[in-house]
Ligand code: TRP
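Given as structure tokens, the chain that follows is alone and in the form predicted alone.
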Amino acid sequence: MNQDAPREEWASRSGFLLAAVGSAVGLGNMWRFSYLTAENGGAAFLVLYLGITLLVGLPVLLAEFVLGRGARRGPIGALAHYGGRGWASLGWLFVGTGFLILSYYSVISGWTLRYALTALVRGFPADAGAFFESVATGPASIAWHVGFMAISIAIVRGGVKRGIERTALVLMPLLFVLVVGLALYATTLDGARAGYRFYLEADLGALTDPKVLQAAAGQAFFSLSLGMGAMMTYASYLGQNEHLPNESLVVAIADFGVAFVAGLAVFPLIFALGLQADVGESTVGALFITLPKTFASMGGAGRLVGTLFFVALVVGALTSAISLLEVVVAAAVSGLGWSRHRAATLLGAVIAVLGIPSALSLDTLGFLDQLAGNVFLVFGGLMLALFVGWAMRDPMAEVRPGAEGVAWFGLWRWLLRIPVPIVLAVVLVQSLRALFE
């Protein structure tokens, strides 16, 4: 064990915030959020999503920050520090979940990298469906998956300051500029108004629809990278004087903002070309078939816009991937005494090998996504809320340093004790039913 060795720290508050936002912002923000909004009541879904983010996602995010900063360890060490060996198993679940998610997330990220480079070099192919079939599975999919993992490994090997923080300081401002630029461009298109209407039109009946509530809760939770130990690990590199409630709020608002603005770009593009009927019910199909078809139909402008869009996807995917890899690497460094270089290289290679079945089969990828994303994450978040809400001796003492005088700390623990477990338990049951249907 090497838990008492000097621990790295972030060089700046902005570096930590951008890295944490980067962990939260990923492929789900760039497409899944806007798709769910359009299919679940438009503005009504947005209201539910914001409410659940504040009442469910934010309390769990703050709980992860509190545990990580207080113990100055990753998930396994932090939960053992505050709850004993029995609770360390929950930390192992977090690490294992991050390990599994990255194995298939890197496959999808490899697709985005190939699309971005293809658009830059020779433009989007006319037959988008056939191109996606050639990209999604087989030796080419494995190669791009391994290449993306190699980039992630190189960044994490660089450490917290020189690797992760430097990357976040460059890539996250770039992502914000790209997304806002695409949204501004979308306002100039003839079909923009119809796209905005489809995306944002309010269906007030959705406010009481259990399926919409479940969708909003699931998106809010998954989008913030909760239940996999990433935020806990990042917080373990913080000093003791950071204002954790403020940091949590900044991350949550930035995560929502990127997702919302991405929707303002996606739907006007689709409606401007009259391709809304091609969206269908497939998130993957819409992202990798319909949108490239849209860009190809726009000529030279579409090539430029499409390249920028997929570059933004690559940036979001990379910042999320390095946070997942960091969870696993930090656990090996503190728990096994490995060097950072050894942990990042060996464990990254194992994850790359584990991802090969997902690179060969979309069915395997889809099943793992449902299992890890819809079951393991929710269960982990539920147990974390119960731990901090009921089992942890004095979470208030851990959250107050750097944030004295905040009046709603009592509300925070009450939310973790009652409303948050109820919501996550309902989502977990629904997810299990969907998995085995």
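Please read all numbers here as calculations on a predicted model, not as lab measurements. Note that residue numbering begins at 1 and tracks the sequence as displayed.
Unshown form predicted in complex with the ligand; subsequent notes refer to it.
Student: In the model of the complex, which of 298 to 306, 101 to 109, 206 to 214, 147 to 155 comes within 4.5 Å of the ligand (heavy atoms)?
Tutor: This holds for exactly one stretch, 101 to 109.
Student: Quick check: do 230, 320 and 324 each get a heavy atom within 4.5 Å of the ligand in the model of the complex?
Tutor: Yes: 230, 320 and 324 each sit within 4.5 Å of the ligand in the model of the complex.
Student: Does the ligand come within 4.5 Å of any heavy atom of residue 427 in the model of the complex?
Tutor: Outside the cut-off, so no.
Student: My question is simply whether residue 358 lines the interface with the ligand in the model of the complex - judged by any non-hydrogen atom within 4.5 Å.
Tutor: Output for residue 358 is no: heavy atoms all beyond 4.5 Å of the ligand.
Student: Are any of the heavy atoms in residue 312 no more than 4.5 Å from a heavy atom of the ligand in the model of the complex?
Tutor: No, residue 312 is distant from the partner.
Student: If we define contact as a non-hydrogen atom of the residue within 4.5 angstroms of the partner, is residue 223 a contact of the ligand in the model of the complex?
Tutor: Within the cut-off, so yes.
Student: Just one of 377, 56, 67, 384 has a heavy atom within 4.5 Å of the ligand in the model of the complex. Which one?
Tutor: Spelling it out, the residue with a heavy atom inside the cut-off is 377.
Student: Taking the ligand in the model of the complex as the reference, which of 27, 38, 46, 392 has a non-hydrogen atom within 4.5 Å?
Tutor: Exactly one residue meets the criterion: 27.
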